[in-house]
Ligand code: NAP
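Okay, here we've got a single chain as structure tokens, the form predicted on its own, with questions on binding and movement later.
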């Protein structure tokens, strides 16, 4: 019975769903040995370091990942970095297929003057900071000002704005990193704007996220009801047979309900500003003001009116998308791995954001992985030699196996229990490795 060795690089949702698709494709005639390689000592990717801490239900998908990891033939190689500890060409030589599930971790730039001022940062820094990612736990962020502006019209932008605008007591029972909880408790931010270049009908928010906003007990949320009504009329005029797509209708209805929701006069507020294109960030050494161009929608297209307005602010967070970090030996085009439906040349494949860019939700990776694994199986030739990955890694290097990750996981969960939290995250590689030793 032939057994094929597959290397999966990246232990996020795309990686685990790829491993699951391989496991589900096994037959008496075809089996897989799966080695999952992860740069950090901790797996789960964005489920650990990207999902907002106040949305714990989304993180329950980790139970699926643990089930995948418990299957025979699966091995985790944590704390192993591609391009540093091992090379892609060596993996390609030893494995029957290599699947790149390395995601997109670099925030896209606005490309405007002042973007590099202090306290102008990307959601790709802010989100992992409050989630305890070791690379960002020392991020220098000043929350002493009163006004923050978040640029973007998707769920990541909304997460960033909500984390800044809610009363941090709502985070005390979450797995928000301790350093972030402490900083947010000390924060003076009271007004948060979310600015999108296009109209409400073009926003990439999802309606479940929108419908949760009125539930914020200590924060008033503002939408311009006239703007929502205009967007609805425009969307209807552009729609085929005058009927909106379900997700768009649901989004606009959620926005309308928020606009009509009574305000409690809370000190904290979140306000949505549409048709606002960032032009310049101003300040002496740090963010003090942002200039927006005012857009309008003409015949379904967003155009600049030539008019501007400004917001005095102390913090700007940009959430306009992500790009993949370049990897030696892989061709990248427009921020993602150059591929044809997941085939990336030779015996290399890609799944997830590295393949398609930052789109979809966590579950999107499941169908994506299934499709690519079908192509991978079609391409399989005779199994390669049984030479092991450990030959490639220096003998003194600390590899985090599944058993060690389970000790880290158990220690974090145990630390959270007396505090009523799901876990207390270790936020440095050294601390994580120490927990893994028991």
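Numbering follows the first chain given and starts at 1. A quick note: this is a predicted structure, and the numbers were derived from the prediction, not measured.
Keep in mind that the form predicted in complex with the ligand is not shown, yet the notes after this line are about it.
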item	value
In the model of the complex, the one of 173, 308, 250, 359 near the ligand [non-hydrogen atom within 4.5 angstroms]	359
Contact residue in the model of the complex, chosen from 101, 148, 255, 151 - any heavy atom within 4.5 Å of the ligand	151
Candidate stretches 259 to 267, 195 to 203, 328 to 336, 164 to 172, one within 4.5 Å of the ligand in the model of the complex by heavy atom	195 to 203
The ligand contact at residue 209 in the model of the complex, heavy atom, 4.5 Å	yes
In the model of the complex, residue 413 touching the ligand (heavy atom, 4.5 Å)	no
Touches the ligand in the model of the complex: residue 74 (any heavy atom, 4.5 Å)	no
Non-hydrogen atom contact residue 55 with the ligand in the model of the complex at 4.5 angstroms	yes
Residues in 108 to 124 with any heavy atom within 4.5 Å of the ligand in the model of the complex	110
